[in-house]
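Next up: just one chain, as structure tokens, the form predicted alone.
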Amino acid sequence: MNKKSGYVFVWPIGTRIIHWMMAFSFTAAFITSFYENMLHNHVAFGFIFFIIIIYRIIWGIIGPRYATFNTFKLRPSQLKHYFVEKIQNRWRKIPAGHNPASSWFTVWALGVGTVIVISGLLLYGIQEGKGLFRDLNSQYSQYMFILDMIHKYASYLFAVWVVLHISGVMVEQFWHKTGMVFAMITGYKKTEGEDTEVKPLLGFFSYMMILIAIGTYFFIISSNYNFLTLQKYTNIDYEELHPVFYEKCSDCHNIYPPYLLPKRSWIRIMGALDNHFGEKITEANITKSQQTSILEFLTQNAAESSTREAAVKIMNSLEKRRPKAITKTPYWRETHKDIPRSVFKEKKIKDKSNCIACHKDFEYGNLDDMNILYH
């Protein structure tokens, strides 16, 4: 016997919470992806989404009535009939479980969602040198571009799919008057059928997955680096690594990490010290042997020799160009194009070349997205 006359209890509380957690985590991850300094939050929300995807796949196998994949209506003829009836009969009866459209939506969402989380984890490791797959950075850095494209467009596709899903629910709510909006809030659908029942063990599984997802989020944001977000690259002590480079170059300006320019750029710079960005550097300032030592250090650690994200992307953007300034690279211009020119004239910054003003630990070769400072 149904608990509520004229309604069927379809979605238990665990399923409803999981549904809204998936919606919220994807939306939050999607929004934070547009802000470089929010990468840590993006990853934390992504892990919630990842865990929910795993839960829903398992739930589709072992879950209660109306939740399992074997109840989905996936035949093309069923989908065609659904839309024909939807157009012809405003007051048609709706099924208690998934209709053909929502069946296809769920399967599609799980498939695309899986692509999003796998590409995201690999991208985080290969491009950022962080997380579970950080060790792949050394050998597979050239794949960061294709992974970025897959992750980005899969996310856009998922977002479009969500909009279509919401549109369908709105049509059901306001045109067909089925009260569909409230179904995933109350758990009840205005239709005919038997109430679903959740065995205690399945209920425990739902709540456990919810707690794991929430716990993982707080575990990630509680510290900058843990085993899920641990980074391969740490601060470089240039003073210890090459004292001459550190001492002589830092006398006049902040240290620039060698991996931000290619070898030929460093050769051009060191070969024109008589006009070093408007300054004349003589042997009285830096001896010939010191110049040779610095040049050797710079070329050995230039962009070609690094698999850091900035180095790989700078080299990819340069083609045959070998500029004498980081700010002249197409990659720098692309990543800073949305920053108003007036920002670079502020007292705290003064010039585009003052990278340390916005990048904490820049002088240690650390360009971590989380270290970006906004003024």
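Residues carry their position along the shown sequence, with the first being 1. For clarity, every value in this text was computed on a predicted model and none was experimentally measured.
Keep in mind the form predicted in complex with a small molecule is missing from the figure; the text below concerns it.
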| property | result |
| --- | --- |
| Asp251, heavy atom within 4.5 angstroms of the small molecule in the predicted complex | yes |
| Interface membership of Lys352, the small molecule in the predicted complex, 4.5 Å heavy atom rule | yes |
| In the predicted complex, Ile339 touching the small molecule (heavy atom, 4.5 Å) | yes |
| Contact of Ile58 with the small molecule in the predicted complex (heavy atom, 4.5 Å) | no |
| The unique member of Leu261, Ile220, Ala213, Ile126 whose heavy atoms fall within 4.5 Å of the small molecule in the predicted complex | Leu261 |
| Single option in Tyr188, Tyr256, Trp104, Tyr233 placed near the small molecule in the predicted complex, where near means a heavy atom within 4.5 Å | Tyr256 |
| The small molecule in the predicted complex: contacting segment from 63 to 71, 24 to 32, 40 to 48, 326 to 334, heavy atom within 4.5 Å | 326 to 334 |
